[in-house]
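What follows is a single chain, given as structure tokens, in the form predicted on its own.
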């Protein structure tokens, strides 16, 4: 078994790392954090540099990991204009792909995924937004909350209820909803703890007419389409966690060295560095293993959930320990942002608790680990 990455991926890693070190300046990071501004110019530069190569998912994973190792907020901001694209790739008609994916893949549009609602996030099957078929269009009413790219996206993959079924995860369908449709409104959310360079909004739908042809796939299959998407996106959230953990560890070591050789040589500091590094390597191996199944069209939901929750918790662990060992020397600037940004990883794309439930239920069903 060979654990070494192919040379082309190491070259891509270096390309992304060099881009982030050059373009993710401290000034831009601070401005976007304090001003809660989306870095549109960085998005364009990242696209022009070809960092998100959808012909190779390994390159996407590496891009996310390396960008987030410099700044998670900026890294997520420039890699999520394509958020939800996989739903259209896998289940959308040729018409929808041409109309909505082409402009996104050419850098001319931004898209988002609208699932979470004010009444709950983890209970996807319990959503209330409703779509009613009326002639040649659906009429949508409801609201969505904490939607990434909510106030900047040109269109969304949106989940709504189209029928009432005994099993609540039945009767859900996916649609492409344009932000310019009459009755659609986005309210940007401010005051987030972290990832402030990303755009987050509440969406309101008041009798929004959506053309019938904007239905994605079959009616009533939306829940399964979104679960398939989560099995993909959770790998990329795990990659975000890897980047944060690595970035915090390396930055804390740099700060500690500046505090003096005698401080770095203290056993207590070395113990912390060793544990952070070991957890990072364990999280990376788990994430890459889960990714290898997914990228070979044989996804393993148990491994995916393991990777997502463990990489996320590793990111939080490493940022907390990094601030602890650097004290007042590390509480300002990058490390402080790393700490605030990391927490969301344990929440979006399925909380750590949800991931652990998935793992346990799958293991019980399968009779344990092999």
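Values in this document were obtained by computation on a predicted structure and should not be read as measured data. Positions refer to the first chain, counted from 1.
Although not depicted, the form predicted in complex with a small molecule is the subject of the following passage.
Novice: I need the one stretch from 217-225, 175-183, 109-117, 262-270 whose residues put non-hydrogen atoms within 4.5 angstroms of the small molecule in the predicted complex.
Specialist: Partner-contacting stretch among the options: 109-117.
Novice: Answer with yes or no whether residue 250 is in contact with the small molecule in the predicted complex, where contact means some heavy atom within 4.5 Å.
Specialist: Flag for residue 250 set to no.
Novice: Since only the chain is shown here, I'm wondering whether residue 351 would be in contact with the small molecule in the predicted complex (any heavy atom pair within 4.5 Å).
Specialist: So residue 351 counts as contacting the small molecule.
Novice: Hey, in the predicted complex, is residue 146 touching the small molecule, heavy atoms inside 4.5 Å?
Specialist: Looking in the predicted complex, residue contacts with the small molecule include residue 146, since a heavy atom lies within 4.5 Å.
Novice: In the predicted complex, does residue 347 come within 4.5 Å of the small molecule, counting heavy atoms only?
Specialist: So residue 347 counts as contacting the small molecule.
Novice: Which of these residues, 254, 122, 154, 141, gets a heavy atom within 4.5 Å of the small molecule in the predicted complex?
Specialist: It is 122 that has a heavy atom within 4.5 Å of the partner.
Novice: So which of 79, 200, 233, 162 gets a non-hydrogen atom within 4.5 Å of the small molecule in the predicted complex?
Specialist: So the residue touching the small molecule in the predicted complex, by this definition, is 200.
Novice: Check, residue by residue, if 85, 284 and 338 all come within 4.5 Å of the small molecule in the predicted complex, counting heavy atoms only.
Specialist: Not a single residue of the candidate spot has a heavy atom within 4.5 Å of the small molecule in the predicted complex.
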